[in-house]
Ligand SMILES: Cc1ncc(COP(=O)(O)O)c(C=O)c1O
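Presented as structure tokens, the chain that follows is alone, the form predicted on its own.
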Amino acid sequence: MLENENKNTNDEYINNCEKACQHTSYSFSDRCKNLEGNAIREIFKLLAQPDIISFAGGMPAGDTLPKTDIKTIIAELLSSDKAVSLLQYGATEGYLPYLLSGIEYVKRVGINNISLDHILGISGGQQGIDLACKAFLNKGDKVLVENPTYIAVLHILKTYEATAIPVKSSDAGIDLVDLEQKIIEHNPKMLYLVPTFSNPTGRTIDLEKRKALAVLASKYNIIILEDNPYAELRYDGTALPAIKHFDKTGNIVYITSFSKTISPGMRIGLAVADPLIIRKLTIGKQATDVHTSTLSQAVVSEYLNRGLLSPSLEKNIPMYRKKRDVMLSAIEQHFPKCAEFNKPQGGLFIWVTLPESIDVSNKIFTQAISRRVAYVSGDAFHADGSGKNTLRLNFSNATEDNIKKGIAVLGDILKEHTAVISRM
């Protein structure tokens, strides 16, 4: 009898707690309470549905992931005398063989004469961006970004309560005149750029502009955060050195990752900067994740040291080039004539601009999803909220047949809306 009474009392207590919880108001921090989810990460929930044709993400093609090589490397590492140390805690700065491999790797973009004091192992390129913002930004600080820019940067800047200031950009890349005017007007702490095959536009900043950007960073003593995850994925044209190659005063922080060329799931990248900056990034990283996965660093180090990257790129680049060309051809065939689009020399994205009267962020997007096709509306990439007439299309992760089918569906929807507007 007593047991039943206790049970009833417990049930009543639990019910009262549950009712109270329904009315709980959480006191989230100022930096978090107004944050919204990254639009692309939210779309990823849809992409779990197998019948969706996705042009939304920035994922490498599944059949480019070097499963066999990674399996072999991991098996050998865990059968070696290094196994225990690879499964233990490691140094925040990074796994020494990986850092040495990284020093050699960044020479591919013209970054030379650096030592271990200049380099940090990071958990993907996005962590490098976050750590740089943590190191440099105070609440209210201004950061210049191309308009449009990488969506995650806008999210990170909001987290640190900084203000993103958009700078004009065109097919030739960032507008240097507008950039200098914005530097003078806003006295920013930082300029963020993806100079090679930009996300989202696929644009590339030419050699002379790269030199000029390094000079501007020095002249006005601002940090350029150079994000370069796509440079290896070049389909046309000539490779360009990083902006960091022209850095004479230590004002440029260079970030790269192996997410697009080896594996995004391993979350492996590199930050290269002046030793004083690297030290601050390292301290910030200690509070974030202690260190990047030592096993993942060891795998990437072995992958690079065994000379596996170049053969992989030689195999994958023709496939990506073909997918890009298939998408360009399908856009040309199916999209309304008013649609403008670029032909990127590399990377993973095609940028489409429609007349300003066409809003692809709401009704058109909903229609596309209902017909099992996904993309990302361009307004998500604009610091000023503009760009609802633009969209980013990823060509790397869909099959050629699905690219043709999906672009035909989008073309039908866009033609329907442009026809309606033309009749108004």
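One rule holds for the numbers: they count along the sequence shown, beginning at 1. Small disclaimer: the values here were computed from a predicted structure and weren't measured.
Only in words, not in the display: the form predicted in complex with this ligand, which the text now covers.
This ligand in the predicted bound form comes within 4.5 Å of a heavy atom belonging to Gly124. Interface membership of Gln345, defined by any non-hydrogen atom within 4.5 Å of this ligand in the predicted bound form, is ruled out. Put simply, Asp227 is close to this ligand in the predicted bound form: some heavy atom of it is within 4.5 Å. Of the heavy atoms in Arg321, none are within 4.5 Å of this ligand in the predicted bound form. When this ligand is considered in the predicted bound form, only one residue from Met327, Ile129, Ala298, Ile278 comes within 4.5 Å through any heavy atom, namely Ile129. Residue in contact with this ligand in the predicted bound form (any heavy atom within 4.5 Å), chosen from Asn199, Thr204, Thr261, Asn251: Asn199. In summary, the region of this chain contacting this ligand in the predicted bound form, judged by heavy atoms within 4.5 Å and restricted to 304 to 312, 252 to 260, 164 to 172, 70 to 78, corresponds to 252 to 260. The three marked residues, Tyr150, Val194 and Arg267, each reach this ligand in the predicted bound form, with a heavy atom inside 4.5 Å.
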